[in-house]
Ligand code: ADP
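Just one chain follows, in the form predicted alone, and it is written as structure tokens.
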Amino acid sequence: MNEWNYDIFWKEALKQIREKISDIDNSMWFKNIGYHGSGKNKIILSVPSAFYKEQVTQKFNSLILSTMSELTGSPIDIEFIVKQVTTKNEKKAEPESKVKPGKPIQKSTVKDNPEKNSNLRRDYVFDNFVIGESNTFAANACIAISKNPGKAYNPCLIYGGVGLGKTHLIQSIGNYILDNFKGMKVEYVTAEQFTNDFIRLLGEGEMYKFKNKYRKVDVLLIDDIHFLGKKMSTQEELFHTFNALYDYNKQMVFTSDRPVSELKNLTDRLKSRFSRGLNVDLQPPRYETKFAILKQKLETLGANLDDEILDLICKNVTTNVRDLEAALTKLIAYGELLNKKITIDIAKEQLKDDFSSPRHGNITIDIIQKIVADYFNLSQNDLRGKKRTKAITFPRQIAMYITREITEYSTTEVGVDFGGRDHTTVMHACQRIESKLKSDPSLEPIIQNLIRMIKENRINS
């Protein structure tokens, strides 16, 4: 198919895409995408900056691919190139070749083997994963696994809160193995996709396809296994898949938002399989790591912000890497779209809502601590402090237990907000309250009353 044909298809694809997206997305992103050329089964589109390239790829790549494939009647690849546009009122932009590049993650040979790793993101590699004190153990374990699949730490479970890099690490393992072990079959899938495949093929009477897909691999990577709670049939199938792969020394890596012991509605025998190998946790990054992450992100995007702005972000975003990068992306987008240099005052104004917005449906740990402390005639500082008297320890354990019950905060995040305690302390507190609930009938109504007060506080705030 010649270039003229692809040009026609792109124009039609744009019309269809604009009917599916908002006016804001169209104005912000698609008006800045241009047709540049084509190659064999490939269309080349231009965007004005590396920032646009990353954002469009993340937000709309699958939409563009599916629309173009439907129009052409065959699979097609998309390549984005940075081609900065100059208007009469603008100073000529610096050519792309002079923009300081990020780490050469695009040189991976994974790009040359799309049929082997259609679910893997090509930019998730070890080279651009920033290692700090909070994730050194997990990162080094994953590197060791990728160098000796099936031999080192099998199986492996990586657990931690949302946005700390679990998906980045597990996909980095897959990408490294595809690059360095020719002929190895790698399958990356989320637990939700695994479940959907199971249900669909079971309903179609083609379970042999499911078994061929998941039991005839050298490396199986499953993300977010906490999704499997209560899905007993899927758990049963994963149990047998696990045994089949383990018996033949095939590498398995899983991720979860919490330790195995805290995974609810998961069968004991599946928990025992996950616990059989190495379990490593990811914790929220410290200041130095956060700063390094932002610096690398800027370098990759060819963007620039003053260090005092990065310092502002690092000191005010205490949750996870995802929120950290979201704050940075927002500032870069503001500067790109309005053609403004980001000052510290602009940064404070644009990020004020991000810095103050509560998470998890407006139920924050601060609210829980306040309600519980008031109920027991204590202060929030008592719950966060180091005192270990029974009058303080018991309410503190209740507050931790309630936090884990009604929010999605991880044990690591809870520990940080309760005076920088270790996640194992939070796990122990929850276990103590669960045990006491079984032996003391008077405790249940107290906890339910506190939960009701917390939720009413959220609604009225």
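For every residue, the number given is its place in the sequence shown, counted from 1. Everything numeric here is computed off the predicted structure, so don't read it as measured data.
One more form of this protein, predicted in complex with adenosine-5'-diphosphate, exists but is not displayed; see below.
- adenosine-5'-diphosphate in the model of the complex is not approached by residue 174, whose heavy atoms all lie more than 4.5 angstroms from it.
- Put simply, residue 135 is close to adenosine-5'-diphosphate in the model of the complex: some heavy atom of it is within 4.5 Å.
- Contact annotation: residue 164 falls within 4.5 Å of adenosine-5'-diphosphate in the model of the complex, judged by heavy atom distances.
- The closest heavy atom approach of residue 240 to adenosine-5'-diphosphate in the model of the complex falls outside 4.5 Å.
- Residue heavy atoms within 4.5 Å of adenosine-5'-diphosphate in the model of the complex occur in exactly one stretch of 177-185, 146-154, 367-375, 164-172, and that stretch is 164-172.
- A single residue from the set 348, 322, 211, 295 has any heavy atom within 4.5 angstroms of adenosine-5'-diphosphate in the model of the complex; that residue is 322.
- Of the residues given (130, 312, 327, 280), 130 alone sits with a heavy atom within 4.5 Å of adenosine-5'-diphosphate in the model of the complex.
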